[in-house]
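As structure tokens, one chain now follows by itself in the form predicted alone.
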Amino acid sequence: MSQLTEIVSYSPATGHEVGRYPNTTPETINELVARASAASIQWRALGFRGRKKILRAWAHYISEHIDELAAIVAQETGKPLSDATLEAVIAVDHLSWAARNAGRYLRNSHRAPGMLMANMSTHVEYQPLGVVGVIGPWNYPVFTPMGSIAYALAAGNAVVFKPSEYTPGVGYWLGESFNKIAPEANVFFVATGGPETGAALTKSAVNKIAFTGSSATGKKIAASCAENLTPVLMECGGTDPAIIDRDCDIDKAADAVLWAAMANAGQTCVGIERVYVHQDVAAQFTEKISQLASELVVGRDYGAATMPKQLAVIDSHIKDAARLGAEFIVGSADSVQPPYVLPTIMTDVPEESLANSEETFGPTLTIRSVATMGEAIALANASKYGLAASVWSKRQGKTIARQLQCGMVSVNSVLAFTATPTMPFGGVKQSGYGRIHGPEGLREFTYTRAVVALRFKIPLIFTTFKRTAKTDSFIKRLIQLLNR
């Protein structure tokens, strides 16, 4: 069966076609990777200052045309224009930070040689990998892939970007905007297409794959990359918890947790899906968040589900919770009303339910009362995922946060790490591995090289077959002296 030559982008809110884009073939993927590999040599030679100039010009262009980009994001994802604009703004901030700081965090790092090698000069270099393949998601089609694209380019790599087949127009716009700034660079290519295009990218000659998506798809990507030992950065899903202590500001916690759970129709990998609240304030918190949730209007406060088949997943999780005895505080077992999902808050939901044990990726929330913060921590950590969390406590916030098995925690806030370019972003367990953003995100797209060079000669040489017994004795006495 021949591969379709085009993919069609639709508005999830209306179902109307919004654009057609090439369905990039495996042959074309290989051509793009080869072109990117060749051009990466010159890109690397530009140095940090040369790349910074181009990347900052790109950031300026995007910021000047942010309304144009946001309109495409809103059209293809179904999210409100305000949310699409905010996403683009944060992405530009990350791009600008990576451009400005790559030289600072990737410069040569000198190391102490130690007594045994005191006559040597020692340092570590951070070298670009070559070509990075980025496979982006549909829920945040600018912000999320930019966390890999910007940092990989700033580190000296070329990038081949495969956007989600649900948001190809966003990826196409990013590629066109870069080419307007650096038309001859040939270091940023966008390959629109379906799953076959992404699979071809994982099997190509890229030097690393940066993937964002579900854990199930991530496992397939990792397996494909393993055939060539291609390293992979995995940013996968989660069932992120919020922990509410009895001394927190209930009104602020309820408002923030609701937003983290329902914004973008709940289609946020670091969005909150589970809440563990101290029994002393459980009734107060539940009443407040339920009141706020009942005021939300779908189509205004958040949009339609971007990926139609996700509606079936959300529906199965809600109905599974209902079957297991969940009480619906907001919404019902029939909250899924295509293309929207009504705000849904449930209590008395067993931990083994799909809503608690698997990623729902919809505007749903489960609330459980706990006797102690120790119980809350244990329940939060019981998940097979470990992406992010939110902790609300005036006195014990950081103490609680340190005990959570996840890559990111916001204390008395939600999702604060996403808009902080200096902070690494990523998870543990089945939420993935590797980091984007911050110094760690820059180094993620490099390999370290140790360089040891002779500074001056010494009479004792032990890297030779002519090493004497006297040399061996001296080395032994020296190491004994140093380790008394």
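All residue numbers refer to positions in the sequence shown, first residue = 1. Values in this document were obtained by computation on a predicted structure and should not be read as measured data.
Heads up, the form predicted in complex with nicotinamide-adenine-dinucleotide isn't pictured, but that's what we're talking about next.
Chemist: For F425, is any heavy atom within 4.5 Å of nicotinamide-adenine-dinucleotide in the predicted complex, or not?
Modeler: Output for F425 is yes: heavy atoms within 4.5 Å of nicotinamide-adenine-dinucleotide.
Chemist: Does E235 reach nicotinamide-adenine-dinucleotide in the predicted complex if we count a contact as any heavy atom within 4.5 Å?
Modeler: Yes, contact at 4.5 Å.
Chemist: In the predicted complex, is there a heavy atom of nicotinamide-adenine-dinucleotide that lies within 4.5 Å of any heavy atom of G331, even though the partner is absent here?
Modeler: Outside the cut-off, so no.
Chemist: Do D245 and nicotinamide-adenine-dinucleotide share at least one heavy atom pair within 4.5 Å in the predicted complex?
Modeler: The answer is no: D245 has no heavy atom within 4.5 Å of nicotinamide-adenine-dinucleotide.
Chemist: Could you spot which one of W97, Y276, W173, W138 gets a heavy atom to within 4.5 Å of nicotinamide-adenine-dinucleotide in the predicted complex?
Modeler: After the contact test, the surviving option is W138.
Chemist: With nicotinamide-adenine-dinucleotide left out of view, choose which of S353, T144, S204, S369 has a non-hydrogen atom within 4.5 angstroms of it in the predicted complex.
Modeler: It is T144.
Chemist: Please tell me whether the candidate spot formed by A199, T212 and E359 is one where all three residues come within 4.5 Å of nicotinamide-adenine-dinucleotide in the predicted complex (heavy atoms).
Modeler: Contact check passed for all of A199, T212 and E359.
Chemist: Could you tell me which stretch in 103 to 111, 71 to 79, 123 to 131, 220 to 228 has residues with non-hydrogen atoms within 4.5 Å of nicotinamide-adenine-dinucleotide in the predicted complex?
Modeler: Result for this chain: 220 to 228.
Chemist: Does any residue in 149 to 175 get within 4.5 Å of nicotinamide-adenine-dinucleotide in the predicted complex, counting heavy atoms only, and if so which ones?
Modeler: If the 4.5 Å heavy-atom criterion is applied to nicotinamide-adenine-dinucleotide in the predicted complex, 149 to 175 yields K162, P163, S164, E165.
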